[in-house]
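One chain comes next, on its own, written as structure tokens: the form predicted alone.
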């Protein structure tokens, strides 16, 4: 019987599982702090998420535990962490889908703030500035009084699909290339480039995009392991977009 089936049988019998939550603790701002695993035990409840678990621990067992959350609904991306070795959103991860022994760690690659809290925002801002992920208007000045340009509904839908990225950092944390070189753009950057490349209002050409991602820090550094695609909590088409951009940039480089 699997862990999930066993858990269901226990709940049907009116018994709740006892969860063992092992958390990597470390505060880099404290000279006396050393990385260590700390175990907490908590009784599982119906429809419990890891977000609820962490709040229960902080409120009733250890107020020093550091982790991030904002929306609690899988929209802000703040609660991303390593769950049994896999990047996931704590607010969307149900404990019933996990074994009773759960190991939590901060996302790798990003600057550690403390315990499970990392500074994804600092890296995301740097990436956005580097790739200039804002609309480059075709005209010199923007007329805010002008009627908005019409857009083909299919193009608008494709742009909306890529705009659903919540910058949680899961794709970067799962990326083999990113673990080896900190200057790698990552799937989140490729998704943003793909989004503006689709936008008919943007004045940039493939020559411009080649200057941004046409090297080993960009699409040619990707090893095509595609763990980014597997762990994206929004199920974005990262695999398709990376392959498409690579073909376009390769053609641009040969041209």
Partner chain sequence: MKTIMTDVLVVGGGLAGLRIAIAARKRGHEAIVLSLVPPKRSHSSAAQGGMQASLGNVTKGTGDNEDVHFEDTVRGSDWGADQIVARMFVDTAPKAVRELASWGTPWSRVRGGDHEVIINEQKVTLTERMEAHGLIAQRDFGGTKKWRTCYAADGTGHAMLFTTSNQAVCHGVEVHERTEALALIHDGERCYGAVVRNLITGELVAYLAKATAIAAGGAGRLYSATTSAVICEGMGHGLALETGVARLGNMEAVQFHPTGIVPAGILVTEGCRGDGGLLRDVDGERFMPHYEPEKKELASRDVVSRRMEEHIRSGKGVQSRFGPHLWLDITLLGRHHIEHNLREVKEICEYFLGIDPAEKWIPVRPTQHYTMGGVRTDHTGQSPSLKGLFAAGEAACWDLHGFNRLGGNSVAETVVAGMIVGEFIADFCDKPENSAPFPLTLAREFVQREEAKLAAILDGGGSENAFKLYSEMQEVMTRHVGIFRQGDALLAGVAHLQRLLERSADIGTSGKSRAANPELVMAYRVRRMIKVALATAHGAYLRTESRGAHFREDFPHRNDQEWLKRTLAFWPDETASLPSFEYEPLDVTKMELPPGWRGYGAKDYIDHPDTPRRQQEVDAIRSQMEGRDRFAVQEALMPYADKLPASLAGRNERLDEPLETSQ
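What you are looking at is a predicted structure, and each value in this text was computed from that prediction instead of being measured. Positions refer to the first chain, counted from 1.
There is another form of the same protein, the form predicted in complex with the partner chain; it is not shown, and what comes next is about it.
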| item | value |
| --- | --- |
| Partner contact for residue 168 in the model of the complex: the partner chain, 4.5 angstroms, heavy atom | yes |
| 4.5 Å heavy atom contact, residue 75 and the partner chain in the model of the complex | yes |
| Distance check, residue 40 to the partner chain in the model of the complex, heavy atom within 4.5 Å | no |
| Exercise: residue 33 in contact with the partner chain in the model of the complex, heavy atom 4.5 Å | no |
| Residues within stretch 213-235 having a non-hydrogen atom within 4.5 Å of the partner chain in the model of the complex | 233, 234 |
